[in-house]
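So this first bit is one chain, no partners, the form predicted on its own, shown in structure tokens.
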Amino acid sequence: MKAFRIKISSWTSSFRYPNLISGFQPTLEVPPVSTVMGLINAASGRYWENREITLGYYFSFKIKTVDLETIYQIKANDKNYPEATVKPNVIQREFLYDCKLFLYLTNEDLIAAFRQPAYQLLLGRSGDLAGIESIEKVELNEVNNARFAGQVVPFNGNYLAGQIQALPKYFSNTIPRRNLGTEPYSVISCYNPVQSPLTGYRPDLEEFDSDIFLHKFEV
């Protein structure tokens, strides 16, 4: 299969656990599919219907550590309007350092968008600015019993071992945004590869030891 590999890097990344509210903010070690779709939309400057896209990716980082972050809490009144008082608070937030995202796409219109992105690219939060290192044509060779790392794989029907987390598949193009489906995923860190009985794709420009799972949306 012909595809394009887009290599993206950032100093830091942080991927929030959905529905988790606590004083300590952990990070996933792999971006959810919805985060990668947001990156594609930012590069394109438009909202893509998820059924139009087939994508695969591999994400790596060097270290995971914790930073202190000041947040400002604004209380709402009984009419749900913000009050004029702001309360500062300090929380601990995990983040990943020296991050790489290898994104595989087959749609050439999307590749053109990454050559001149419409908006800034982020790998996580608003401070996690990312840049494009290279765009290469690659061959994805189908392999059986694929070995996966640095990506998420839908749990239903695949049943891979490891961390399982309910993650959003995509978000609507509305205000406020609506979650267009949550399902369980196996979150497979680059440091904990999983040998599977699944079919995967092996890129010929490998800088890492993992096959690629291709996501095809049906929402």
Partner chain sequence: MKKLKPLNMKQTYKTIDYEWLIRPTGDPFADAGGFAIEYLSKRFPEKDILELIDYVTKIYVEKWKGKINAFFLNSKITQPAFKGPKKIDETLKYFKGLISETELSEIGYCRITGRETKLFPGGRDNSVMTGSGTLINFHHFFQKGIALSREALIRIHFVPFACQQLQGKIMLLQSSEKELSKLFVRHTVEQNLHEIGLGLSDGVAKSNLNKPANAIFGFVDQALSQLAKFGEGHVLPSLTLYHFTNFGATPEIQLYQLPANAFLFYRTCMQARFSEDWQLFVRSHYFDGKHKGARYNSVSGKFELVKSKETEIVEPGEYKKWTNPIYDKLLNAENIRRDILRWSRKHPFKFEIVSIYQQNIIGMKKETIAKIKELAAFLVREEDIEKAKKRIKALDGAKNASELRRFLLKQAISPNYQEGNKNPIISVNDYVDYLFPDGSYWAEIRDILLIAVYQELHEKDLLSDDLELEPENEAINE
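Bear in mind the structure is a predicted one, so any value in this text is a computation, not a measurement. Residue numbers count along the first chain shown, from 1.
One more form of this protein, predicted together with its partner chain, exists but is not displayed; see below.
- The chain is drawn here without its partner chain; in the predicted bound form, the stretch among 79 to 87, 105 to 113, 136 to 144, 120 to 128 whose residues come within 4.5 Å of it by any heavy atom is 79 to 87.
- Contact check for L20: a non-hydrogen atom falls within 4.5 Å of its partner chain in the predicted bound form.
- Residue contact check for G162: one or more of its heavy atoms lie within 4.5 Å of its partner chain in the predicted bound form.
- Proximity of W48 to its partner chain in the predicted bound form: non-hydrogen atoms within 4.5 Å are absent; the residue sits far from the partner.
- Using a 4.5 angstroms threshold between heavy atoms, I53 stays clear of its partner chain in the predicted bound form.
- Counting a residue when any of its non-hydrogen atoms is within 4.5 Å of its partner chain in the predicted bound form, the hits in 177 to 204 run R177, R178, N179, L180, T182, E183, P184, N192.
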